[in-house]
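Below sits a lone chain in structure tokens, taken as the form predicted alone.
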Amino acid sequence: MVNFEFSEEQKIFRESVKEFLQKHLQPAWTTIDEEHRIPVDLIYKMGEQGFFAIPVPEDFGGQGGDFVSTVIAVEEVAYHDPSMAVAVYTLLNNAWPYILYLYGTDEARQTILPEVGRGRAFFGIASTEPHGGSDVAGTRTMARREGDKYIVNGEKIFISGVREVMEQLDMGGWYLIARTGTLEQRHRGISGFALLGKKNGVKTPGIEYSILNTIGRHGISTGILNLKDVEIPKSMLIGEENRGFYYAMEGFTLARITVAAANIGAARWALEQAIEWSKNRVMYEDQRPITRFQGVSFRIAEAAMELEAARLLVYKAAWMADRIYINKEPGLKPKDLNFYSASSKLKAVQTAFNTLSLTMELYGAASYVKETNIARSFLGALSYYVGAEGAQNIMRYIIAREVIGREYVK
């Protein structure tokens, strides 16, 4: 039977999340955006509340939850911080710790995951390089094996969490994609590593970093990592050598669902602002609200419809992830999630962009000042519209590959 109801446990979880965010995040999100920094005490409180490593089992320091609960948390965080900075921090610290749980060594898991779960560490993704973000198979960062360690040299760009790891927290790092084979081997010569930028307050030698001056989503940093003879212990190799590309693709598939959740949270906030503004904005002698003009009310109606469609798709993707990873239903494999993950991100990101564009149009000139806060959210959504976690056309390619057949779209 089709059931569109959340479980009682999930309903209670959403209410507890909302109560926390209304108290701790909603009053602070514009200050976070202005000051370009998520306060460490807020990160700690979110860890204590169980926002991070939600699907990771409790035995490994996670919350022992599922992906539907993860999506609930990320959606609500984005609604209460529609700039999406805190949502990005939250979604990264759920998707990539889960991949570390699936494929990491016991040492890596026990070192990193409990600290992420309690909000004391960050664990994201470091894949993009200056020559192109979508060409993960063309990674040029090199990892050379020497005894019981790897020596890594290369550069990563557009990496989230650089300031948070290197300056704010005592511990953190990334799923690092690096080449252990030849460039000609493409994806078959790539490995994944748990790169710690800092551990117990001590920075890893050989890592130089800088912070990019982004136009939005200011609360979480985006930066550059320059790796010069960085030593990574063999125990921090994730899974098998030269199999890192496949684990990373699995991680992106899960991360895209949480990215989609962030976008529907921000879109939900934007639609509420558009409705409230339009009901109170009046024109002409009779002071009629602009909602009486079909050019306004019909577009709001369409935006509401699109948001509901996107939301259903996102939650179906999370439900599929639970069937595959949490419930481990026979006959289902990680690749069965590809269509739903890419579709949810494509739809949710486009919906958020369109909804925020409409909201800015309805606000008119008022949307162009910081005080109304609409532009803050628009610029946050824009980061995903232009390509974070995979460009929109990459999502279309994945979907086409799944519905037409891989051999017909190569």
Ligand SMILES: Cc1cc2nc3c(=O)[nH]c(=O)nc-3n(C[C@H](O)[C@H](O)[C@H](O)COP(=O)(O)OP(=O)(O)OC[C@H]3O[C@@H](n4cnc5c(N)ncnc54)[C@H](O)[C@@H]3O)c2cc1C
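Just so it is clear, the model here is predicted, and its values are computed rather than measured. All residue numbers are counted from 1 along the displayed sequence.
Just so it is clear, the following notes concern the form predicted together with this ligand, a form of the same protein that is not shown.
Quiz item: Does this ligand come within 4.5 Å of any heavy atom of residue 393 in the predicted bound form?
Solution: Although this ligand is absent here, residue 393 would touch it in the predicted bound form, with heavy atoms inside 4.5 Å.
Exercise. Answer with yes or no whether residue 128 is in contact with this ligand in the predicted bound form, where contact means some heavy atom within 4.5 Å.
Key: Contact check for residue 128: yes, within 4.5 Å of this ligand in the predicted bound form.
Quiz item: Heavy atoms within 4.5 Å of this ligand in the predicted bound form: does residue 205 have any?
Solution: Contact check for residue 205: no, nothing within 4.5 Å of this ligand in the predicted bound form.
Practice problem: Evaluate residue 12 for contact with this ligand in the predicted bound form, applying a 4.5 angstroms cut-off between non-hydrogen atoms, and reply yes or no. | Solution: Residue 12: no, not in contact with this ligand in the predicted bound form.
Practice problem: Using a 4.5 Å heavy atom cut-off, indicate which stretch of 283 to 291, 79 to 87, 303 to 311, 215 to 223 touches this ligand in the predicted bound form. | Solution: Of the stretches listed, the one contacting the partner is 215 to 223.
Quiz item: Which pick from 239, 233, 189, 133 sits with a heavy atom within 4.5 Å of this ligand in the predicted bound form?
Solution: Residue within 4.5 Å of the partner: 133.
Quiz item: Just one of 69, 63, 343, 383 has a heavy atom within 4.5 angstroms of this ligand in the predicted bound form, so which one?
Solution: Answer to the contact question: 383.
Quiz item: So which residues in 158 to 186, when you check this ligand in the predicted bound form, have a heavy atom no farther than 4.5 Å from it?
Solution: The stretch touches the partner through 158, 159, 160.
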